[in-house]
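A single chain, nothing else alongside it, follows as structure tokens in the form predicted alone.
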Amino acid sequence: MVTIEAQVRQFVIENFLFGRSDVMLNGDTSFLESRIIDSTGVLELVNFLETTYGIEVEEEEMDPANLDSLERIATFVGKKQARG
């Protein structure tokens, strides 16, 4: 079974790092501080999360606390899915 973190990692590598797997992308790597994803990229990421995991990300949830690393995204998506 592929984890949320692994799926999001693959999406980020393909869409923001253009396939460069040599870039260090740990679970806690900040997308914003590392300049991996900018504000437009966040919208692409949210669209991916909503489409892939069947969740709806509210405007107030588009926050670095939820979306700024693989670990934060995995936790956020898991909570959203648990709420149904």
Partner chain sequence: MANEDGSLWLVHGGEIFNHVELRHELELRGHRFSTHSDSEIILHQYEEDGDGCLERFNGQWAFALWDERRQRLLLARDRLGVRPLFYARADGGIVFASEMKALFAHAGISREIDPAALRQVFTFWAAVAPRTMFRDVSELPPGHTLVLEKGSESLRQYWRPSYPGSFDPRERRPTDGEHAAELLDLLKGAVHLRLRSDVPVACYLSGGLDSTLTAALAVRQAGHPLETFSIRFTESEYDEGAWQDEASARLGTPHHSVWCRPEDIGRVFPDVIWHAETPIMRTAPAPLFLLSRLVREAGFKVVITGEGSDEILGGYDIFKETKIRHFCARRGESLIRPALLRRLYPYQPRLQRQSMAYLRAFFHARPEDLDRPFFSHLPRWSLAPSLTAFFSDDVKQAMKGSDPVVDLEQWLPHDYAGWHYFCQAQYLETSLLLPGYILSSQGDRMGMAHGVEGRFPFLDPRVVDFAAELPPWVKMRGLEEKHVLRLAAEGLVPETIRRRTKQPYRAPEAVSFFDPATGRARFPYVDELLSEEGIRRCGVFSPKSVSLLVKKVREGRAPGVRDGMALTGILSAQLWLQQFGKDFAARGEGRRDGDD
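Numbering follows the first chain given and starts at 1. Quantities reported herein were computed from a predicted structural model and do not represent experimental measurements.
Unshown form predicted in complex with the partner chain; subsequent notes refer to it.
Looking at residue 71, you'd find every heavy atom of it more than 4.5 angstroms from the partner chain in the model of the complex. In the model of the complex, the partner chain lies farther than 4.5 Å from every heavy atom of residue 76.
Shown alone here, residue 44 lies within 4.5 Å of the partner chain in the model of the complex, counting heavy atoms only.
Although the partner is absent here, residue 55 sits far enough away that none of its heavy atoms falls within 4.5 Å of the partner chain in the model of the complex. Residues of 27-44 lying near the partner chain in the model of the complex, listed in sequence order, are 32, 33, 35, 36, 37, 38, 39, 40, 42, 43, 44, the criterion being any heavy atom within 4.5 Å.
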